[in-house]
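In the block that follows, a single chain appears as structure tokens, in the form predicted alone.
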């Protein structure tokens, strides 16, 4: 079934002013629960790496939109998004059927709190992600400015199963050869994938790995320290709350647009 079977065709002139209709270019299904799609990008769309946009479909003549972080870098010509599949989800039950050529709505005003400008320079910058929370960090690890902020980027991605470690090959094989940032990736990016329900070289929840010190020990790094380390967090509500609490207990100070700090998290996905 195609998304075009679920929505009627629509033209730009009937859309709300805050969205544009873009064309799906490719779709990749990682697992039965996880997929990626790319689409065209309006020439007027501007965003900072780490931000999200409202994306969705027209349903019953109205736009149905949800917040999705851009997985593509802000200098790329197309947009990329990582999504879960929820059988009874109002949007994902439809979005998962996208095919190349279908139309998808993209909000014109990206926003978000995962901003490099909200962090002080440091020795290490940790990206803590679970599930599709990886998306904004896929954008950020392709941002040369991220590598200027610190001596080392540490991307920690937690999933339930090995098959859900989306973009593993991109991170380990393709980015090190990237013509723009390949050298930075090879010199500064450390990737630590971990799973919770299958055997793998790294296992355990991110919060447990932090709390026990196993994460930094495995990487041969000093324990997390607010004096030398910075962090960005994106994942489930529980993961955000638990990881934030661990950092606060270690004297990390939250940063925001008006004050640089030691960590930030994506508030749009946190419990209100």
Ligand code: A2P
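What you are looking at is a predicted structure, and each value in this text was computed from that prediction instead of being measured. Numbering follows the first chain given and starts at 1.
Same protein, other form: the form predicted together with the ligand, not shown, and the subject of what follows.
Worksheet item: Heavy atom within 4.5 Å of the ligand in the predicted complex: which of 48, 242, 211, 225?
Response: Going through each option in turn, the one that passes is 242.
Worksheet item: Just one of 124, 130, 139, 96 has a heavy atom within 4.5 angstroms of the ligand in the predicted complex, so which one?
Response: When the ligand is considered in the predicted complex, the option within 4.5 Å is 130.
Discussion item. Given a 4.5 Å cut-off on heavy atoms, tell me which of 214 to 222, 66 to 74, 199 to 207, 52 to 60 is the interface stretch with the ligand in the predicted complex.
Written reply: It is the stretch 199 to 207.
Discussion item. I'd like to check something about residue 178: if you look in the predicted complex, is any of its heavy atoms closer than or equal to 4.5 Å to a heavy atom of the ligand?
Written reply: Close contact is absent here: in the predicted complex, residue 178 is far from the ligand, nothing within 4.5 Å, heavy atoms only.
Worksheet item: Any chance residue 42 has a heavy atom within 4.5 Å of the ligand in the predicted complex?
Response: Looking in the predicted complex, residue contacts with the ligand do not include residue 42, since no heavy atom lies within 4.5 Å.
Worksheet entry | Contact label in the predicted complex: residue 114 to the ligand, heavy atom within 4.5 Å | The answer is no: residue 114 has no heavy atom within 4.5 Å of the ligand.
Worksheet item: Going by a heavy atom distance of 4.5 Å, is residue 31 a contact of the ligand in the predicted complex?
Response: Output for residue 31 is no: heavy atoms all beyond 4.5 Å of the ligand.
Practice prompt. Could you run down 151 to 183 and flag each residue that has a heavy atom within 4.5 Å of the ligand in the predicted complex?
Written response: Those in contact are 158, 159, 160.
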